[in-house]
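Next comes just one chain, in structure tokens: the form predicted alone.
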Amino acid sequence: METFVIIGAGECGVRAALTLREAGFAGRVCLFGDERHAPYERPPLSKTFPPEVKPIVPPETLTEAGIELMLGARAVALDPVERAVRFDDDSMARYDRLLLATGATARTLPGFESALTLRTLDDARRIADAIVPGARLAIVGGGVLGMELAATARIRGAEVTVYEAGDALMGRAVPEPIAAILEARHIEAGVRIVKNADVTGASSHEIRTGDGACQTFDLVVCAVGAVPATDLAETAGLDIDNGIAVDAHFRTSARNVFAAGDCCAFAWRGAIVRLESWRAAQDQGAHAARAMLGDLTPYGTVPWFWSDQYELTLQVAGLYRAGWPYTRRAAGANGLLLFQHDEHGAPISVSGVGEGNSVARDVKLGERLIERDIRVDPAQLADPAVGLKTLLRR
């Protein structure tokens, strides 16, 4: 009987396992996760305290699908020649085809090793235990994760200080006008924001800066990004390029080995990209599963992510390019959309912010414009009287 092994029981790995069954694969599907928790969704970890434990699927769904789930199983070695994976308890799993869905880990910097990070359910629980009304929280990093945590902690009554090394919050993810709207909301809520911060080190209770000063807090969380979990692939000799290098079908440089989700880097419209988002993990897991079964349809899904901060929701579709010009468009009562275009006038990204889901429909329509590579007159795009659906039809 054919055996397909999946390393990583997160959003990507679970979706791949289920897609194999939905596509009619009748062999063994073995899903290994290094955590002891049943597969859970990560987005709620920074948005709710106490952290909401939201299963990716009910546990019985995997059982009923005949998927063998092994938890607390950390893969330590891969032999593509022998087609075998070894785990930290010296057990082995042999495969006919293998999917690496190992995800990413929190980035740590020299001098910051003892600061807390937020990546897993256990991380979230440790942080939540310390965030009580009046607690003093420092967050190193003003990216999307750091600002979500700041909002959640402030709502809970903590005193929050964010240290950002750059001159703008979320600078790699969203255009400055949208970042400014979110920053103003944080300041209104009482968050102290320090930009161009020269933080040289941190522990779980202390921040050190370049001028020699030291400040103490009840809790310090380092939120300076994530790095792809490529150790298993690297030691096996697979090609690495800011992630496990894969082709349009999520095949790695090793025969019968695939990779998808946060851990992989792939070509999208001429650029090598690596995505860290809930929906990308789902989409890529499903696509990789079909490729493992021989479907060689190229992957072309438009990237998309969202963030909830207070009553505001941020959504971005496509790949935002820092420094590129944009076209502004009002959305809803107080919402804002920003479109970026390529040299031919076709949108390459749309970023939106507004209360609740007020910009969701327009971002979705913008996503479809990107997907279909439709050239749009910027003047019409900027005019709210011209419906995006009308532009899509054209």
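Here the structure is a predicted model, which is why all the values come from computation and not from measurement. Start at 1 with the first residue shown and count on from there.
Omitted from view is the form predicted together with a small molecule, to which the following refers.
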Is there a heavy atom of residue 9 no more than 4.5 Å from a heavy atom of the small molecule in the model of the complex? yes
So in the model of the complex, does residue 367 come within 4.5 Å of the small molecule, heavy atom to heavy atom? no
Does residue 324 reach the small molecule in the model of the complex, with heavy atoms at most 4.5 Å apart? no
State yes or no: in the model of the complex, is some non-hydrogen atom of residue 73 no more than 4.5 angstroms from a non-hydrogen atom of the small molecule? yes
With a 4.5 Å heavy atom cut-off to the small molecule in the model of the complex, the contacting stretch among 133-141, 100-108, 250-258, 182-190 is 100-108
Answer key: of 355, 35, 52, 342, within 4.5 Å of the small molecule in the model of the complex (heavy atoms) is 35
Would you kindly say which of 205, 83, 290, 119 lies with a heavy atom within 4.5 Å of the small molecule in the model of the complex? 119
Give a yes or no on whether each residue among 277, 281 and 306 has a heavy atom within 4.5 Å of the small molecule in the model of the complex. yes
